[in-house]
Every structure is written in structure tokens, then in C-alpha cells.
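In the form predicted alone, a lone chain appears below as C-alpha cells.
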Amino acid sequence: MIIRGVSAKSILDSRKEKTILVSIKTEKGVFSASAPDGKSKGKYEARPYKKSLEGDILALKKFNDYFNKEIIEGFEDLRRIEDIVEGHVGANTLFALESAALKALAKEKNKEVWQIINPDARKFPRLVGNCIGGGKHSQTKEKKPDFQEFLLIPFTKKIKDSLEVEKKIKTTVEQDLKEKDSNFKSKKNDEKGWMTSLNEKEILEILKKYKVRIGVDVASSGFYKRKKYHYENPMLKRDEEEQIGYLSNLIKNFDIFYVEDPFNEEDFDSFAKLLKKFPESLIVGDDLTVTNSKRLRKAIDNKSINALIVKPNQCGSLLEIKRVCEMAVKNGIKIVFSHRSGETQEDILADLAFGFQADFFKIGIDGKERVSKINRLIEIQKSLKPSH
């Protein structure tokens, strides 16, 4: 595949905020991909843009001649793209650029994007759906849960059935919230999770009656300062030991299967203590590991996690994502590919999750930007059915 040109422009994401769309021109046509953007970001994430979105668009325009006639034959050739733009664009731009290149390459070879990554991929990830939201994703002046997400993880392996289970529960949960929360107005937050003024215990009380596994994204770095976790609903402060005690009680009392970012992004030791207590639960790193192989290596050495979030635009480089996924598999760490709070209708995340053989796919339950990715996964599953 020979690149004939590269261009970029800004588009709006699901929060109506600007993000980048990159297009690559080849003999086969023009191929575009866009990047999402997160609101709740780990401080070790790569910068989304070098200085600004507009600056990255100009940088790609400037480098257009460098790309011209660049040959990409396989996944590893993305290194050539990275060599050209390294230090000149941010992670969002690099992710969109490499995604567009993968799409173009797939077309050239008459393959699916996931086949460029791993033609032997067969295992499908299980859906992790965001049902109720809080934290930074819920923009409200009223009370809200301190935890950022309350998640549903259906037992079924068939993606289409799994989505149906999530949708049914989410609809019923709306009625539960109407009964239990006098402030509930059937509104949804950035990630299309129900917005409520209930606290985490009250929400878990509702969710525990459903026949699915439950997960939480504590996103605790968002309310950690001066060595304390500052809860607002109800208002109280917890130190590391109290946080461990509190989360341990929640895991036991509500049989929580999935616990993401239970401690702040520096605290590898507390993660390790919780994992030691609950080896059967998934103790998941996101802000802790930020899709970064060096951070993941530290988490592995400290025995801090047994699962990690992969958000492609946290690092931008699909080659780094490959390193992260290979390191995770080698060390028995479960892989959770995840969306961001500011999403686009770009569906390549499904191909990446399947190609890299993720164990879980953390995405919303509704909203066109999120469902587009689930639909793509359903499409892949249907296409492979006859060979099973």
C-alpha cells in the first residue's frame, strides 16, 4: 500500500467538543478515522495533541510530502508513520492516523482490520456496560455518586444477546431509580449512564438483584488529595487503610466482580493489597497503567493488578498497544478495551479489541457512538460463525 496523501480536520464528539479526524489517500480511495477524548484522565496519559488540535492538523499538513509514497505492507510498518510524526503530534492524532492507515491497508489486502492485527483471532471479549454514572462524567450541581461508573457484565458470550441483557436491565433500573431517588429525572451523563443522587451503596443495593456480574469504576484519583479520599455523598474522608477496608466490605457484601482504579494513580501497593485479598475479582488498572508498557511492567512487578484497561488514545501508538497486550497476556493479566467519555461513531475499537484478543469490551449500553462499536463486534462474530 502506497500513501498518496494525509489530511486532517476537527469534528465534534458525543460531548459536542472538538476532536480530530484523519484521512489517508491511497490508490484504493480515501480512508478516515477519528479519535475519542476522555474527561477523566490519568496524569500519566500521553497528551492528546502536541500543543493544540489545530496545531496537530497543521503538522500533518506540513508532513504531507513525507508521507507521500510511504509504503505500508503490514501492521509493523506503522513504525514508519511513527518515525515521521514522533514528537510533532499528540496521542489522539497518532491514533486516528494509524487507524486510518490500518483501514487503508485492510482494503488493499481485501481483509478486515482485525485480520491485519491477528488473522487467527477467534475469542470474543465479554461486554462491560455502563449502567449508572457519577464522578467526573456526571456534570450536575446536585448530589451524585462518588464512583464514576456502575457496570453490568452479562454471563453470555454472544455479543448480541449480551447487549440485549444490558439494555433490559438498564430499562428496569430506570424504574428502580424512580422509586428510590426522589431527585431522579431519567437523565443520562457523558457516557449515557443514568444520573442519580444515590450513593454507591444504594446503587449496588439496586444492582445486586440482577443476574449479571457487577463492576465499579471508582476512578479514585478524581477525589484523592492530600493523602485522603474525599467522598461527598455522604461527606467523609478516608485514608489508604480506610479505603481498603471500605472497598473490601463493598466487594464482599455485593459480590463485586470488577473493581477499576480503586486507589489513586500512584498507589501500586494498595492495589496489590486489595488483589491479594480478592484474587477472584478483577482488580483493574486504568489511571494506574494508562496503556503504557512501562507503567504496566511496574504494576506486574508489584502484583498490583490482574486486569488492565486499554484505551488506544491514552498512548496513540498501536505498536505500543501491541506491546501492552503481549505483556498482559504473558503475565496472565486480563485485557479490557475501553471507550472514552467523549466518543465518535468510529468503530475500529471493536476490530482492535478482537484482533488483540481482549477479554472484555467496556463500552456504553446505548447512544449511537457506543452502539456503533458493539454493532461492529456483532458483525465480526456473525462473519465467523460458519467456521466454528
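When you see a residue number, it is the position in the sequence shown, counting from 1. In this text the structure is predicted, and so the values were computed from the model without any measurement.
The protein also exists as the form predicted together with 2-phosphoglyceric acid (2PG); that form is not presented, and the subsequent description refers to it.
Just one of Q148, S162, N92, T196 has a heavy atom within 4.5 angstroms of 2-phosphoglyceric acid (2PG) in the predicted bound form, so which one?
-> Result of the distance check: Q148.
Choose one stretch from 31-39, 322-330, 50-58, 353-361: the one whose residues place a heavy atom within 4.5 angstroms of 2-phosphoglyceric acid (2PG) in the predicted bound form.
-> The contacting stretch is 31-39.
Do E98 and 2-phosphoglyceric acid (2PG) share at least one heavy atom pair within 4.5 Å in the predicted bound form?
-> Because no heavy atom of E98 falls inside 4.5 Å of 2-phosphoglyceric acid (2PG) in the predicted bound form, the answer is no.
4.5 angstroms heavy atom contact with 2-phosphoglyceric acid (2PG) in the predicted bound form for D286 | Yes, contact at 4.5 Å.
Heavy atom of K311 within 4.5 Å of 2-phosphoglyceric acid (2PG) in the predicted bound form | So K311 counts as contacting 2-phosphoglyceric acid (2PG).
Check whether E166 has any heavy atom within 4.5 Å of a heavy atom of 2-phosphoglyceric acid (2PG) in the predicted bound form, and answer yes or no.
-> The answer is no: E166 has no heavy atom within 4.5 Å of 2-phosphoglyceric acid (2PG).
Interface residues of 190-206 toward 2-phosphoglyceric acid (2PG), as seen in the predicted bound form [heavy atoms, 4.5 Å] = Result: E191 alone.
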